[in-house]
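Just the one chain here, the form predicted on its own, laid out as structure tokens.
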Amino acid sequence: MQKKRTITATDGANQQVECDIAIIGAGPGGYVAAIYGARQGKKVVLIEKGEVGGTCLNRGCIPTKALVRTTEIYKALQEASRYGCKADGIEVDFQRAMARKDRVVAGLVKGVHSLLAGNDVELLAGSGMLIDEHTVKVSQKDSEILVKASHIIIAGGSEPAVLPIPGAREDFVIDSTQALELSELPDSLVIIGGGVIGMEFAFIFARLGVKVTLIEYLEEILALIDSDLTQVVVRNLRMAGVKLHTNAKVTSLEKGDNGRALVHFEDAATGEPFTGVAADKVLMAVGRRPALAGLGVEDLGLELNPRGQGIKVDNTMATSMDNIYAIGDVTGGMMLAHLASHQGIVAIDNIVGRSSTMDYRAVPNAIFTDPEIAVVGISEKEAKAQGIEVKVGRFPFAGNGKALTLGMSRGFVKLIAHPETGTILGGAIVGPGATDLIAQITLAVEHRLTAREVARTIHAHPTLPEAIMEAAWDAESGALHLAD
């Protein structure tokens, strides 16, 4: 393991550091950009006030998926008899599950440090603030360092959003970060928000035995996803014991005489009040917002996007100011770790003089519900809303041999194809391995493959990807293993 390369105030003459590229934020956008920039022969300084890996690695993607895995093992043990196995006295040791989660995170953080050191990236601990288009002031505990750079990349990430409702600051209200730091499971939990964050936590806590109530303002959970996919997940959500309220607006939170939370909500359309819900904890899961505070963005005069949330960038990730780029969540677009990483690569390419632009046609989205959901490209809902004529190919996992052997046959694959050329424009999967399988459809969308080309690619048997092949056949001329 290589030693961390970390700058302190005593390292730089007169507390000043010079470099080719300064990057504010060491999340999946910032640290990937730093490594890639260093490999292009540039001197890179990476500035981070917390731990490398950002929200994704430390407080989001990785720790939640570690807990998802715990719930998967627990569920499999509970259902052992289905597979001819015996498992008695099954229970969850929450402290050990959380400790495992922490070990996974720590191992990956250590790995990122090693990658940065191995690529000669200088890591500067502290809070970065823009002074001008070539200078970042880094505030440390007892000192400040000025970083002079030819180019600057802002990769400051995002923070949990909070609804402006009475009681939202009570001590029983937690955000996603605090949910991952709990020392013990609450007996009951109300989750406000039925988006990706809310849904993933709903399954985690419900599978661990917590009484979960989920309240969503819109008529459907995961509103941007096609309804036929979310219906499969809603069925499992209810089977897991989650009480789901959609088209519902939380009006206030208050602490009862016993210290528990009282959640008051009403019909979002009519204003008719529902019976309030009592719970030990309330998880605010209403999305995230760009973390712009303290960056000096507005003082410097960087233009924000039309909604005023996030830094405005073009398709090269350049901002309104020469030599400054912005990537990831701070731009206010799709908040996905893998997208931030790719945007970082695009930004570096343009900084070093290699023309590169962002193409958002093939950005996959993975949702770790039960079963998993994954989508890429245009959806059936979007096509209909935009008046775009498409051909849809489907295949259920109930007709897939591998899914049946796994005992996980709920769900399906759906491909969206051009009705004349057969070019695959998008796809969606709900079912076993969806978040892994989406990579094949992403490749098809990115490289403009046709349903015919995918259908006539030999797929190993028995495997889950055969469902994609069959959906491609269905989009072209009819699935081979599905009766009319």
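These numbers come from a predicted model, not from an experiment. All residue numbers refer to positions in the sequence shown, first residue = 1.
Same protein, other form: the form predicted together with a small molecule, not shown, and the subject of what follows.
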**Q.** Segment assignment from 274 to 282, 115 to 123, 96 to 104, 365 to 373: heavy atom within 4.5 Å of the small molecule in the model of the complex
**A.** 365 to 373
Q) Out of A403, L339, I324, V250, which one falls within 4.5 Å of the small molecule in the model of the complex, going by heavy atoms? A) V250
Q) Which of these residues, G296, P396, G167, G195, gets a heavy atom within 4.5 Å of the small molecule in the model of the complex? A) G195
Q) Taking 4.5 angstroms as the cut-off for heavy atoms, does R288 touch the small molecule in the model of the complex? A) yes
Q. Even though the small molecule is not shown here, does Y217 get within 4.5 Å of it in the model of the complex, heavy atoms only?
A. yes
Q. Looking at the partner-bound form in the model of the complex, is L163 within 4.5 Å of the small molecule by any heavy atom?
A. yes
Q.
Since only the chain is shown here, I'm wondering whether V212 would be in contact with the small molecule in the model of the complex (any heavy atom pair within 4.5 Å).
A. no
